[in-house]
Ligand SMILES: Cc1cc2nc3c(=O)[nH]c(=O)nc-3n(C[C@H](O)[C@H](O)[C@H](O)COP(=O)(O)OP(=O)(O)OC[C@H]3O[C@@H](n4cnc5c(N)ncnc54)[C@H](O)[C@@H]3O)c2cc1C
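As a starting point, one isolated chain is supplied in structure tokens, in the form predicted alone.
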């Protein structure tokens, strides 16, 4: 097993330079952003790569652009930046709340949104908040860019829809408008804990009825998931206590939780329903 000292780390200064490195198999490396996931994995014994390409602090992917109907968030934007950004709190409050739960302040200052998504952990804190926006991931290569809808981006455990020569450059996330967004994470501790279960929701209620609804869970399956059956149940309905009871039960029946060292499947199933209830109460 190699140690991290033996990795050939390239540090391009521009996105164009990084893309050129990734286009050639002779210079292509494992993409390294803040390193809060990869450096820990390598230090714990996961085989290290021969090469790594650092995309940390590339100016082209380290900003947030406020567009008419969406926020375009660079993949290199840190969790701390998301937590501090007024526009993110205004238009994507679930994402701001999720970013605030990512580790300690030091991790938030270094970890990036793109890195958290690319790591493809089912316990990635920002994934459910990204999913409920109905947005997309922007990937770039020397041949151009393409967009992947977030509900198709995570393909399996630790797998994403990205080619080896592509770099995640941004997330295009529709603003919430008049909808309400919520995020909640259940962990062993109140802070700095990997989640047992987490949920994000975006729900629009007008004239007493649910006009649109998106609910996503993390840490219950190999990938983050949208609760499509629950969403179908709720669409167009009045959020009555009876409907909320039914949605809670349907969530518990429809999820297929994993069991691991952090939680049992039974607890995750129960908690999934409770998180759906919390998303619907007091709309």
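Residue numbers count along the first chain shown, from 1. Since this is a predicted model, take the numbers as computed values, not measurements.
Separately, the form predicted in complex with the named molecule exists; it is not shown, and the next lines address it.
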Of 84 to 92, 110 to 118, 208 to 216, 142 to 150, the segment with heavy atoms within 4.5 Å of the named molecule in the predicted complex is residues 110 to 118
When the contact criterion is heavy atoms within 4.5 Å, does residue 247 count as touching the named molecule in the predicted complex?
no
*Though only this chain appears here, would residue 174 touch the named molecule in the predicted complex if you measure heavy atom gaps against 4.5 Å?*
no
- prompt: Are any of the heavy atoms in residue 40 no more than 4.5 Å from a heavy atom of the named molecule in the predicted complex?
  reply: yes
If we define contact as a non-hydrogen atom of the residue within 4.5 angstroms of the partner, is residue 103 a contact of the named molecule in the predicted complex?
yes
Residue within 4.5 Å of the named molecule in the predicted complex by heavy atom, from 71, 97, 194, 203, is 194
Answer key, the named molecule contact in the predicted complex at 4.5 Å (heavy atoms) among 123, 186, 179, 80: the residue is 123
Contacts from 13 to 38 to the named molecule in the predicted complex (any heavy atom within 4.5 Å), listed N to C, are 30, 31, 32, 33, 34, 35, 36, 37, 38
